[in-house]
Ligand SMILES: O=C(O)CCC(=O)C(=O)O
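Just one chain is shown here, as structure tokens, and it is the form predicted on its own.
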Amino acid sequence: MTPALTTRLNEEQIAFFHTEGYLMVPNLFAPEELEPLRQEIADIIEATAQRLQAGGKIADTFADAPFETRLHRLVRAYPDLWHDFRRAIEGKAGGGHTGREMFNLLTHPRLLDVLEGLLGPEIIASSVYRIRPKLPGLDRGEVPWHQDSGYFSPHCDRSLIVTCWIPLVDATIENGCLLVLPRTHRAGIVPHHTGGHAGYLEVKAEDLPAPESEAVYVPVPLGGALLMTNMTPHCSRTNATDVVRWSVDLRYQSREAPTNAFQEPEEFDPNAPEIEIACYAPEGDFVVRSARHPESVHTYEQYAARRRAYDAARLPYPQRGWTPLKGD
């Protein structure tokens, strides 16, 4: 019997999220609802492989390999081309991947219904969303301890920004599901350092708000999602399987939090009041639900145009004064 899909968070789930700093929601999507995005990503891999083959850089495109393993086989055979595939998948030249199926997931009504229980009916999709292919044995695949607020402007530390981490395959301990430190999100931001593993921000073990021994793995089945606050410390370990642990992380906030969803990049003013400066100014937020102003909800075309415009503007990244790991 197929489990019923989650349509709204109940009071117990909402209380767990606020107390523990995270919540795993199973059965948020039927697996087939995620297939269009998987196929959109697969099409990018195919187009990139064909381009590289036409340029004489690869011989075998592994066209018969399934979505779960094809990128790993390509990178294992041609490790020097990993960054070509990564740039194509993440869409760095266009302000992040802006495919229609990504937009359809970002605006999925059932997902927004769940988020409404945490953020209310006025929901902004934060500009910072990413596609994450964690390849088996890939050095960059490990992500050190951090809080998402470490990447945002400090004036947003007092706002709730919900991370919605959605695997596109079963996320297990073996292939690198996330670890979180429960009940530590209310301690506030802790010191981060630049120059961490693979270039990520990193929190040293001694700076964590609780011992690493209290961390819990959070496996998430295909169709489920892990929700976290922007203050929840989390990390992920090596993928020890032969399957790519595909996932996307999406972020949402209320309309009351600082946002640039109603600004064009040329309107950015670093001296404006903090409430008028987005938590992550280099990329464009967009409205995904509004009970008060439904006309403000961005269409796919508006969303894609905003992403491209912000990417071209090259606005400054948030400055938090984090120190490098070396030279402390």
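In case it trips you up, residue 1 is the first one in the sequence shown, and so on. Note that the structure is a prediction, hence the values are computed from the model and not measured.
The same protein also exists as the form predicted in complex with the named molecule; that form is not shown, yet it is the one meant from here on.
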Would Ser254 count as touching the named molecule in the predicted complex under a 4.5 Å heavy atom rule? no
So in the predicted complex, does any heavy atom of Leu178 sit within 4.5 Å of the named molecule? yes
Are any of the heavy atoms in Glu202 no more than 4.5 Å from a heavy atom of the named molecule in the predicted complex? no
Any non-hydrogen atom of Phe103 within 4.5 angstroms of the named molecule in the predicted complex: no
Would you kindly say which of Glu214, Asp113, Asp207, Asp249 lies with a heavy atom within 4.5 Å of the named molecule in the predicted complex? Asp249
By the heavy atom within 4.5 Å rule, which residue out of His146, His72, His193, His97 makes contact with the named molecule in the predicted complex? His146
What stretch, of 180-188, 215-223, 146-154, 116-124, brings heavy atoms to within 4.5 Å of the named molecule in the predicted complex? 146-154
Those residues of 226-247 which, in the predicted complex, come within 4.5 Å of the named molecule by heavy atom: His234, Ser236, Arg245, Ser247
